[in-house]
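One chain comes next, on its own, written out as C-alpha cells in the form predicted alone.
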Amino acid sequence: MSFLVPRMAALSPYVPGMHTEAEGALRLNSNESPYPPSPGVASAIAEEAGKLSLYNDPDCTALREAIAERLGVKPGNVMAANGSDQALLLAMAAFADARHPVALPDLTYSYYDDFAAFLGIPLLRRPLREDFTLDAADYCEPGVTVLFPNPNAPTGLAVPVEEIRRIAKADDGRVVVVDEAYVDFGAETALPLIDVCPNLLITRTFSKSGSLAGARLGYALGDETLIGELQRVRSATDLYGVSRMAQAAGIAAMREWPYYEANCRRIERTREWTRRKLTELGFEVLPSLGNFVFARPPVDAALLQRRLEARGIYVRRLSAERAKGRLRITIGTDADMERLIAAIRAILEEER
C-alpha cells in the first residue's frame, strides 16, 4: 500500500552517476573537482565543530558578505543555499507555477524535470540547434519563466552574454534563471547584467570549481528585490538549511579563491588535452567550457561505458534522447585522464 498522493507517487527520482569510493576507482561521472579544498577550509570547519549545539546563522551573513566581496556586489545581491539545487528549486517555486510554465532546453540538466514534477510546473522544451547551441529567440516569449545552464550540461556549450541580455529584456515581467554551475571553467558570466536586468537570477555552486561537493553549498545572485523575494521563500521553507560547517567552508574558500582559480585553469588545460586525445581516437567531442566533455565514441557508447567500468573507470551515459550514443566525461587530473585515454585506446584495440 502506498500513502503518497498521486502527484508524488508519479515522481521519478533523479538518478545520479554511480557512486563508489572503492580504492582505485576513477569517478569521471559526477563532475566533481579532482582537487581537494584549499588549506583553510579544513581548519574553518574544525573551528565550528565545537559550536554544533548552536543553531547556524539563518541569514548566512558572513558567507554572503564573503561572496559579495569577491564578486564585487552587495550582500543584498546574494542568497546562500543548500547547494545550487536548492536555489534552483526555490526559484521555480517562487517564480513559476501551473499557470506560469518554464521554458528550458530539450537537452539539459535533468534534475530540472524532477523539480518541475515536484512543484506541478509544466515545462516547455525548446530544441537545441543541430549543433547543440541554444537559440535565444526560443526564450523571448512573454509570460514564460526561463531556465537554462550556462555553460549547458551535458554539452558544455555557452550562450553569449548579449544573448542572455536579449532574453531578459524581451519581457522584464518574468524571471530568467541562468544556472552558472560551470561558469568558472572558461565561460563568461552574466553577473554584470543584474544591474540592468532586475529579472535575471543567477545560481552558482561550490560543488564544481569550489571542491566542496560534499558540503552542499550554493548561492543565487540578482537584483536586491529579486533576491529578497527568493530569500522570503527560503526562510519560509528551510530557514537553517545552510549548515554551520558549510558556511564556514564557503567563507574560507572565498578568502582563498586564487587557489581555486589556479585549479580551474589546470582543469581547462587538461580538458583541451583530453579533447585532442579523444579526437585522435575517433571521438566526436564538443568544445566544452565546463569541467567535462560531451563525446560520441567510435564504438557503441554503452559498450565502452561497461568496458571502462570493468577497469574501475566511471563515465556518464545519459538517458535523454539527444544524448544517446554519447558519453559525458568529467575532467580529472592529468594522471586521471592519461589513465582514461590508455584504457580507451586498449578497448578500441580489442574491438578491432
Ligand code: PMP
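One-based numbering along the sequence shown. These figures come from a predicted structure and were not determined experimentally.
Here the subject shifts to the form predicted in complex with this ligand, a form of this protein not shown in this document.
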Whether 84, 149 and 153 jointly form a contact site for this ligand in the predicted bound form is the question; each needs a heavy atom within 4.5 Å.
yes
Verify the contact flag for residue 216: yes if a non-hydrogen atom of it lies within 4.5 Å of a non-hydrogen atom of this ligand in the predicted bound form, no if not.
yes
In the predicted bound form, is there a heavy atom of this ligand that lies within 4.5 Å of any heavy atom of residue 139, even though the partner is absent here?
no
Though only this chain appears here, would residue 271 touch this ligand in the predicted bound form if you measure heavy atom gaps against 4.5 Å?
no
In the predicted bound form, does residue 207 come within 4.5 Å of this ligand, counting heavy atoms only?
yes
Select, from the options 175 to 183, 126 to 134, 157 to 165, 272 to 280, the stretch whose residues sit within 4.5 angstroms of this ligand in the predicted bound form by heavy atom distance.
175 to 183
Just one of 104, 253, 80, 88 has a heavy atom within 4.5 angstroms of this ligand in the predicted bound form, so which one?
88
